[in-house]
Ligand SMILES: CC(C)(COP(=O)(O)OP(=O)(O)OC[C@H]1O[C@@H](n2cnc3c(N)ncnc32)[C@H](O)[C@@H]1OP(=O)(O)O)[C@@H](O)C(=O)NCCC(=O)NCCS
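In the block that follows, a single chain appears as structure tokens, in the form predicted on its own.
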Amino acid sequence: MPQLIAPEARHLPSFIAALKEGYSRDTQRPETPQSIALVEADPTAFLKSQLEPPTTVVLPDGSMGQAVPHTVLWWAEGDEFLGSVHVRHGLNEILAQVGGHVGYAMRPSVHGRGHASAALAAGLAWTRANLSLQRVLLTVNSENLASIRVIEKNGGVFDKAIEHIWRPGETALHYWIDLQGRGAPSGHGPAAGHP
């Protein structure tokens, strides 16, 4: 049965295979042969970067920014890496627009099997147990109907649509999930992914 865990060395071969099949750690920047080669060249250093995330981050425009404290969790079954959940412990000005508190991604070969919904539910449970957040923000591209369904299934309530700050012409949707159990899935987001 899949579970949400801290990254482990035994999952690295499967993680690298996931990168090669199209899994991406960052929705703003797809993986490249060079980025995958860096993971393969020093898997020990890569694993350390997952367990102890750096304090700075390269932003999508190439500039450097201060990283918000966050935790990287892997969704895995046995030795197989299935996907990841990133939980940010707070928001900065950028993440309050695009990124939010929780991000998740599944490897392409497991899409459509309910893993994203289950991994997000586990990530929300981890957040509830480990952080003092009362609610969390999730942002999603308005065209990503599958992810919108996952968020709403986990209690996401649509708040607003904004122009995407990194992708001109695209729209980012804001959803809030109440971690105290008072919220319920609304199912009333923008029709067909459009605000």
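These figures come from a predicted structure and were not determined experimentally. Start at 1 and count along the sequence shown; that's the residue number.
Although it is not shown, the form predicted together with the ligand is what the next lines describe.
Between the ligand and the residues L95, V72, A105, A121, the one pair within 4.5 Å by heavy atoms in the model of the complex involves A105. With the partner omitted here, the stretch from 132 to 140, 156 to 164, 43 to 51, 58 to 66 that lies within 4.5 Å of the ligand by heavy atoms in the model of the complex is 132 to 140. In the model of the complex, L145 approaches the ligand with a heavy atom inside 4.5 Å. Using a 4.5 angstroms limit between non-hydrogen atoms, A116 touches the ligand in the model of the complex. Mapping the unseen interface onto this chain, G112 counts among the residues with a heavy atom inside 4.5 Å of the ligand in the model of the complex. The closest heavy atom approach of T27 to the ligand in the model of the complex falls within 4.5 Å.
Taking the ligand as it sits in the model of the complex, the stretch 78 to 95 never comes within 4.5 angstroms of it through any non-hydrogen atom.
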